[in-house]
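Heads up, the chain below is alone and in the form predicted on its own; it's given as structure tokens.
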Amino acid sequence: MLTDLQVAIFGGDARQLEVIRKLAEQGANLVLVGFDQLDHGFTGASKMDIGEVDFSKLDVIILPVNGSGPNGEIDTIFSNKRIILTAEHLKRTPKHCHLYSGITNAYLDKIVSQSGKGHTQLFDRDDVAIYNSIPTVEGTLMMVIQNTDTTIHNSNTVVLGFGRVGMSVARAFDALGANVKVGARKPEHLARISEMGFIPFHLDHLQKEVTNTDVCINTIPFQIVTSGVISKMPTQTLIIDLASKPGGTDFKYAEKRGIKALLAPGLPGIVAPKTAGQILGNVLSQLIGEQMSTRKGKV
């Protein structure tokens, strides 16, 4: 139980509703920032503007999955108000206050460092990333079906990256009968790709490997689907980029060539927000409970 813990939840999408519900059930006192247009009420939760928050009382701050924008702006679908989180806000929190987000960026790292607070990126955890790959794969399948006029079965599908998402994507498309090639760099990844029955290739050979591609799915969070790579693709190729913004694709060049390229980060929050939110809520409840126990042990 998280009884009487002071938790502020800033912005986010529909996934945050499940996080709110889970923490409210655990007895936490919740401050909701960026939820002024949300009709639903939660026991033990108060809606506030960021200027009304008493940061000196917060034990935990939960940010959206993407953390923040490059200048501290907090995304939210439940408010039109501009929300900016600064180092000054964090400096007013107690020494033990801890931040949670899905991923981080240079701005967020900077203000966390300046404030001396702890910060956990949930998607660095294998359990969260693996569970989260399930709705990501379902959303990817949906996008491919909606944006092609052929079946996935017998399609030539290239998956870039063999991390937790890439592995799940490759397995799902293979199960539907696609001819799956997977690009990676690490020898152990190339070996595992082969062992799982996919066609492995080194990313150094990417331009050669995309010449007959129907679908290219990127999971690598830096630009790898360059203009040189896109120039070798057939014009009917569909590119789905699952990497975090700004993705790993030269979208302007793809548009110039007439190739459809779609950036699709945050698919779990779009196709299965309830399930994705429950994943986050369960892990956050566990981590915050562990944080409380550790802090009490030090008192």
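Values in this document were obtained by computation on a predicted structure and should not be read as measured data. We number the residues from 1 along the sequence you see.
The same protein also exists as the form predicted together with a small molecule; that form is not shown, yet it is the one meant from here on.
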item	value
I220 within 4.5 Å of the small molecule in the model of the complex, heavy atoms	yes
F173: touches the small molecule in the model of the complex, heavy atom cutoff 4.5 angstroms	no
Heavy atom of K81 within 4.5 Å of the small molecule in the model of the complex	no
Partner proximity in the model of the complex: A129 to the small molecule, non-hydrogen atom cutoff 4.5 Å	yes
Heavy atom contact within 4.5 Å of the small molecule in the model of the complex, the stretch among 52 to 60, 38 to 46, 24 to 32, 267 to 275	267 to 275
Single option in K208, K95, H153, K186 placed near the small molecule in the model of the complex, where near means a heavy atom within 4.5 Å	K186
Candidate from G118, G163, G228, G177 lying within 4.5 Å of the small molecule in the model of the complex - any heavy atom	G163
